[in-house]
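In the block that follows, a single chain appears as C-alpha cells, in the form predicted alone.
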Amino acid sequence: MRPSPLLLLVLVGCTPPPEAPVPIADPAGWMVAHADAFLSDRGQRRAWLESSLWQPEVPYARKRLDGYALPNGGWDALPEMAARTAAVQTDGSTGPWRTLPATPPSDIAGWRALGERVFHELPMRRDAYVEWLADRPELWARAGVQTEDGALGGLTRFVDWRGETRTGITCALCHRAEGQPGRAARGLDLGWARARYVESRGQAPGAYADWGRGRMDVTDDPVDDPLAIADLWTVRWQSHINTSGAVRLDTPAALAIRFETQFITGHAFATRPPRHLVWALAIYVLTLDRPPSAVPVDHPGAAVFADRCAGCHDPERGYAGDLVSPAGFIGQTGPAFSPMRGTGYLKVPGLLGVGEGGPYLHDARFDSLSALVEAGHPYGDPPPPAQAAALVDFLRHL
C-alpha cells in the first residue's frame, strides 16, 4: 500500500490541516431541519462561518469574517437582490420574466425544486465581458456557450439594485453540460471570450487567451489563476471546498454560506441574495447525482486504484477525500499559494465522472487520463503499462 497523505504531510514537514469533519449521513435532511436557524439567527450563521474558515488569516477568510453576519451592519445590511430574471434568447431578445418564490418551502422536495431553479436562473455574478459576449452570437460557439430551447444556457437577465437590466452568470454556465446539471462545462472558453472583449477595447488580450477550455478565474484579485471547472457530484462527500480547501464543510451550512458570499462578491458588494434561495441552492447541489457508474464487476483496474489512488480518493465518499499538500508529491503549487485563498494545501477532487473528459488536475495540465497516469500522478513512478491501461479504463467507467 502507498503511504497515506497524512503521513506524507508529516514526512515533508507540512502542518496537517484540521481533522476532517465526520460526514453527515443525510445532509439535505439536516438542512431542512436547520433552515429556520439559517434564515433568522444571525449569531448561528456567524458561528457556522467561523467554524468553516479553518485558516482565518487567509484574505479570503478575513474578508468574510469582516463582513458576514456581524452583530450589526456588515453585509446583512445590503439590499436584497430582486429574484426576478429572464432567459437570454438566441435571437438577442429577453424571454418572459419569471420570479422565484419569496417564501421558503416546507419539505425537502420543495427545497430541492427551488434550488434547481436557483441553479439555472439566479445570477451569481455579473461581468462586463459576459454581457458583451451575450450580444455577439457569432462568438458563442467558439466560446463554448451552450444553447437550449432557444436560450443561452447559464446566462440570465436581471434587474440590478439600481434598476438597470443586466446580464449575469448562473451556476449552470460552468456546472451544466450536455443537459446534465453538475457536469463541468469543459468546452467553455470564457478566457478566449474575455480576450476578445479586451481587444475590442483597444487593449492587449493578456493572459486571458491562455486560460483554455474548461478553466475559469473567478477570484477577485489581481492575479491571473484560472482553474479547472469542477464537477459537482461529489460535494456532499468532500471535507473542504475551494481549490485550496479554504472552506471546511464541517456542516452543510458552510456550503450555503459559501454560496451566499459568492453572490455578494460577484455583485461587487452592492446587494445580497434572498437567504432562502442560497439555502435551497445548497440542498440542490448536495443532492446532485450523475448517472450510475458502470464499473464492471471485478474490473482489473480496481486493484490498481486501491493501491495507488484510494488513499486520497475514497471510494466510500464518492472517490473524494481530504486535503493534501502541494509540496513535492503532487507537483502543483499555484492555487495552494494564491494571494486570496492560499492555505498551503489543495483539495482532493472527487472522481465521479472523471472519464468524461479533461482537463485534469487543478491547473488543467493534462488533457487525458492516459497522460495523467503515465506521468506518475501523484508519486512520480508510473505504473507498468498493463496496470496503467487497466487503471485508465477503470477511471473511465466511474
Partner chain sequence: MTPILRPVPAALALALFGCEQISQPPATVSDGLTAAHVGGHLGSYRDCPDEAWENHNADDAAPDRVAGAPDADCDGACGPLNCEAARLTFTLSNQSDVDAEGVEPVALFLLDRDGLEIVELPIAATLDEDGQPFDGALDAGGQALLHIEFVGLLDAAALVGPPADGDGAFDWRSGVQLRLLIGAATHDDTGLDTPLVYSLPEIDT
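Computed from a predicted model, the values in this text were never measured in an experiment. Numbering follows the first chain given and starts at 1.
What follows is about the form predicted together with its partner chain, which we do not show.
With respect to its partner chain in the predicted complex, the three residues Arg46, Ala172 and Thr251 uniformly fall beyond 4.5 angstroms at the level of their nearest heavy atom. Per the 4.5 Å heavy atom criterion, its partner chain in the predicted complex is contacted by stretch 339 to 347, the sole one of 339 to 347, 359 to 367, 37 to 45, 24 to 32. In the predicted complex, Glu164 approaches its partner chain with a heavy atom inside 4.5 Å.
Contact annotation for Ala268: at least one heavy atom lies within 4.5 Å of its partner chain in the predicted complex. Interface residue remark: Gln262 is counted as part of the site for its partner chain in the predicted complex, having a heavy atom within 4.5 Å.
With a 4.5 Å cutoff on heavy atoms, Gly334 does not count as touching its partner chain in the predicted complex; it lies far away. Checking Asp217, Asp210, Asp307, Asp314 for any heavy atom within 4.5 Å of its partner chain in the predicted complex turns up a single hit: Asp217.
Contact annotation: of the candidates Ala109, Ala294, Ala128, Ala102, the single residue with a non-hydrogen atom within 4.5 angstroms of its partner chain in the predicted complex is Ala128. For the stretch 46 to 76, the set of residues having any non-hydrogen atom within 4.5 angstroms of its partner chain in the predicted complex comprises Glu57, Val58, Pro59, Arg62, Lys63, Asp66, Asn72, Gly73, Gly74, Trp75, in sequence order.
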